[in-house]
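Okay, so here's just one chain, in structure tokens, the form predicted alone.
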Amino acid sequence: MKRQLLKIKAYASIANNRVSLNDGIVFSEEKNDLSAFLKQAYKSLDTNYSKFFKMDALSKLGFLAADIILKSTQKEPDLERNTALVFSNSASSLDTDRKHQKSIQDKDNYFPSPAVFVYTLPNICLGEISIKHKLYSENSFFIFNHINTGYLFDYANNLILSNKADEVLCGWVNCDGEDYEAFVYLVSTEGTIPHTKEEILKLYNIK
């Protein structure tokens, strides 16, 4: 019975120099590279998390998309939330892996940066989201060739139906150079959009 009540409470996307929350654009920038665009979006959206500027591009994308959803649905910001995180992409942390490889391949100028190395795992962005929003539930980051709506649907349902989480924030966050996209949605017993594989794919394709 509870499975039939699950809804998509809110969704957000970042793509094509636009940041959207539900069916509205909350920030856009016509001409900018990804780094400058994310910096402007951070300021415009009043993100307020100083560690943001230390993150790699993948983490910034996931963090911003998650932040606008969680801020919009958070009734009491100072309280811990039993919200799980289930993210995925196809490029893993490849963008940062290349930077790290570049820093160690020159034997005459060997200078591996710890600040880069720490982001050579895609799930690091989940930790940043959890820290800011006090999320202490399960979090997982999967690698697929493309957005796997069936897997995300089943995983989110199982977490809520087994009472391991009250809500689940699911996402597809990908970054490889200037090719980027983020799509994040919150599965809950509240909301108006049915939580189905078809609706997930429909919302993903809107961005």
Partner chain sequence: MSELKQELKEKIITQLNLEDIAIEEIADNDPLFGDGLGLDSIDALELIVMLDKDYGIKLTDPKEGKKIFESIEIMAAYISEHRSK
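Model, not experiment: these values are computed from the prediction. Numbering follows the first chain given and starts at 1.
What comes next is about the form predicted in complex with its partner chain, which does not appear here.
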How about residue 127 - does it come within 4.5 Å of its partner chain in the predicted complex, if we only consider non-hydrogen atoms? no
Give a yes or no for residue 112: in the predicted complex, does one of its heavy atoms lie within 4.5 Å of a heavy atom belonging to its partner chain? yes
Contact between residue 164 and its partner chain in the predicted complex at 4.5 Å, heavy atoms? no
My question is simply whether residue 118 lines the interface with its partner chain in the predicted complex - judged by any non-hydrogen atom within 4.5 Å. yes
If we take heavy atoms and a 4.5 Å cut-off, which stretch out of 39-47, 146-154, 165-173, 63-71 is in contact with its partner chain in the predicted complex? 39-47
So which bits of 52-91 sit within 4.5 Å of its partner chain in the predicted complex, heavy atoms only? 53, 54
